[in-house]
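Here you get one chain, nothing else, as structure tokens; it is the form predicted on its own.
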Amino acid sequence: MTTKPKARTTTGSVDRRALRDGVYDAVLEMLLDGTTPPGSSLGIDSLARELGVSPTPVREALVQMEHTGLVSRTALKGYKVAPPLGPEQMTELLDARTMLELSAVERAAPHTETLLPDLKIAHAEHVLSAHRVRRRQQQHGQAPKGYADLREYFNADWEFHLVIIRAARNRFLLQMAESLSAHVHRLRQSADLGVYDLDQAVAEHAEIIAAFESRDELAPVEAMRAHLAGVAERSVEQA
């Protein structure tokens, strides 16, 4: 009699990842609201006590933040909040993003029929999140209390781009795009300065959709190129 192998459970790993992501969001909030300015130490044990979790998800979240450049780590000293990217660093980051995303658009264009419905849904979410940020600005001024709406806006913005990158059907291209975390640095920059490019980004995304709808495979590439050039120009002006 043969024994059936036990089914592998992924519940534990999913829960652990969700906990790490929750810690990541909580620490990011600290960076955005100014309670932990650049140069501040980030102790794993003290953060774990403050957030009511074990040190493990805190350590994992800080490693993730180190990869994105939000924090830095020094041997024997631990983690510190990194300064925001300067103009030269932001230019290099967005240049890398442009090279990657234009390649993704080229590969996604032949899949326009399956891409467009998801892209339109992502655009609708982006428009709604932009509306919520505008409303919060009107109520609280340039620096809304709390950053949930602003995070949601930048996540929706990035999801629009991810729909296209996923449609390129190259897992390594997707991994590289996510590892750049350009949207997180733009979020931090906007939160620090209270300057947002909501109207420009929404309009440029609409132009990208129109370019895909034209069925001209070169048009989406040029629309994305124009959009990312605008993002780069606005980012460097703010850096």
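If you superpose the two forms and keep the largest set of C-alpha atoms that fall within 1.5 Å, you have the rigid core. Everything numeric here is computed off the predicted structure, so don't read it as measured data. Quick note: we count residues from 1 along the sequence shown, nothing fancier.
As for the form predicted in complex with a further copy of the same chain, it is not shown, yet the points below apply to it.
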Exercise. Pick from Met30, Leu198, Leu173, Ala48: which residue has any heavy atom within 4.5 angstroms of a further copy of the same chain in the predicted complex?
Worked result: Leu173
Seminar exercise, completed: Checking Ser179, Ser41, Thr35, Ser54 against a further copy of the same chain in the predicted complex, the residue with a non-hydrogen atom inside 4.5 angstroms turns out to be Ser179
Exercise. If we take heavy atoms and a 4.5 Å cut-off, which stretch out of 74-82, 114-122, 127-135, 156-164 is in contact with a further copy of the same chain in the predicted complex?
Worked result: 74-82
Exercise. Quick one: is Val202 in contact with a further copy of the same chain in the predicted complex, heavy atoms, 4.5 Å cut-off?
Worked result: no
Exercise. Closest heavy atom of Ala206 to a further copy of the same chain in the predicted complex, within 4.5 Å or not?
Worked result: no
Problem set entry | Partner proximity in the predicted complex: His185 to a further copy of the same chain, non-hydrogen atom cutoff 4.5 Å | no
Problem set entry | Partner proximity in the predicted complex: Leu93 to a further copy of the same chain, non-hydrogen atom cutoff 4.5 Å | yes
For this session: Let me know which residues along 88-116 have a heavy atom within 4.5 Å of a further copy of the same chain in the predicted complex, or say none if there are none.
Result: Gln89, Glu92, Leu93, Asp95, Ala96, Met99, Leu100, Ser103, Arg107
Exercise. With both forms fit on the core, is the shift of the CA atom of Ser214 between this form and the one not shown 2 Å or larger?
Worked result: no
Exercise. Taking the rigid core as reference, does the Cα of Gln64 move 2 Å or more between this form and the one not shown?
Worked result: yes
Problem set entry | Exceeds or equals 2 Å, Cα of His183 between this form and the one not shown, core fit | yes
Problem set entry | Closer or farther in the predicted complex, the Cα atoms of Met224 and Ala182, when the shift from this form is 3 Å or more | farther
For this session: Work out the direction of the Cα-Cα change for Val105 and Ala182 in the predicted complex: closer or farther than in this form? It's 3 angstroms or more.
Result: farther
